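In structure tokens, one chain follows: the form predicted alone.
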């Protein structure tokens, strides 16, 4: 039986962010923005959604006088991503 795909991860930008965060300890907002080719506003909204779900941790601080936002995937986020990929494989191999 096929399992539902997590709608939160089914968004192209959110899936891209999660994929990028899996490969790093943490990532700055500007790096994620550059890698995903997204606008600051759209990326900010999508990071909020992932953070609210507990999939990522967002830390806001300052580097000198400049704001610095850093993101890190959580254990819950890793599990959700792995489940998503496994469920997707189920559709592909069906």
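The model shown is predicted, which means the values in this text are computed figures rather than measured ones. Residue numbers count along the first chain shown, from 1.
We do not show the form predicted in complex with the DNA, though everything after this point is about it.
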- Closest heavy atom of residue 74 to the DNA in the predicted bound form, within 4.5 Å or not? no
- Message: Taking the DNA as it sits in the predicted bound form, is residue 19 in contact with it (heavy atom to heavy atom, 4.5 Å or less)?
- Response: no
- Query: Is residue 69 one of the residues lying within 4.5 Å of the DNA in the predicted bound form, judged by heavy atom distances?
  - Reply: yes
- Report whether the minimum heavy atom distance between residue 44 and the DNA in the predicted bound form is within 4.5 Å. yes
